[in-house]
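Only one chain is given next, in structure tokens, and it is the form predicted on its own.
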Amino acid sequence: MTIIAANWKMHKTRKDARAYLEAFARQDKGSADIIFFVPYTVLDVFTDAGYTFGAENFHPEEKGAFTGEISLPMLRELGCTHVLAGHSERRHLFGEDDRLINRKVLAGLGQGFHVVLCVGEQLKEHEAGKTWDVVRTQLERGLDQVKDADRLMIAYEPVWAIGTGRCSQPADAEQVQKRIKTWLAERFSKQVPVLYGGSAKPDNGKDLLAQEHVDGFLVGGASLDPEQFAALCRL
């Protein structure tokens, strides 16, 4: 099953979200497994919309003096089943390190959520030929102490391709995705879905999905338009 996940980031008001869902409902979406990661303020708009949905961020503690944070029990109450951890913007804009990301992964899995761990290299690392070194380290640290991968997914997002319009070449993405899947199979003795993220659009998505080890997409910009996102879903 192809998995197509939207990451709205800091976009869309409640009014916008309702309008989006109305337009998306009219689209042919094929047979993909669709997930929406959306801002906290529109989560309840999705509660009865009929789609799998989750949060873009969360705090690993269940409760406490953490002003401005949102806990997993709060998300569960709204019907969330999925969460993102380790997105490059959380790493590089907000200073989240591998230790915190690992706490989030363990907390999410421990509380029954499906967790998408994001990994990926920056441009200077890519150009220096260190892509796999960076990705492997993020996997090792992010999944430290994880014993069960039943609710785990990985999103490979080359940082230099996120929001830039530059997409990894299908063969290059396949090479990294294959190494990730091989590493995961050796670690957990099972197949773990691996998505590609980084300027995936309808015009390049078909070639990317044709690669053996690309199981779907984590989509940023193209997920903000219901027609574009539906086009990706039906590839």
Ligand code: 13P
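All residue numbers refer to positions in the sequence shown, first residue = 1. All of these numbers come straight from a predicted model, not from anything done at the bench.
Absent from the display: the form predicted together with 1,3-dihydroxyacetonephosphate. The rest refers to it.
The partner is absent here; in the predicted complex, the one residue of 149, 106, 162, 134 having a heavy atom within 4.5 Å of 1,3-dihydroxyacetonephosphate is 162. Interface residue remark: residue 221 is counted as part of the site for 1,3-dihydroxyacetonephosphate in the predicted complex, having a heavy atom within 4.5 Å.
At least one heavy atom of residue 198 is located within 4.5 Å of 1,3-dihydroxyacetonephosphate in the predicted complex. In the predicted complex, residue 121 stays away from 1,3-dihydroxyacetonephosphate, with no heavy atom inside 4.5 Å. Interface residue remark: residue 12 is not counted as part of the site for 1,3-dihydroxyacetonephosphate in the predicted complex, having no heavy atom within 4.5 Å. The candidate stretches are 135-143, 107-115, 72-80, 87-95, and the one lying within 4.5 Å of 1,3-dihydroxyacetonephosphate in the predicted complex by heavy atoms is 87-95. Contacts with 1,3-dihydroxyacetonephosphate in the predicted complex, taken as any heavy atom within 4.5 Å, map to no residue of 25-62.
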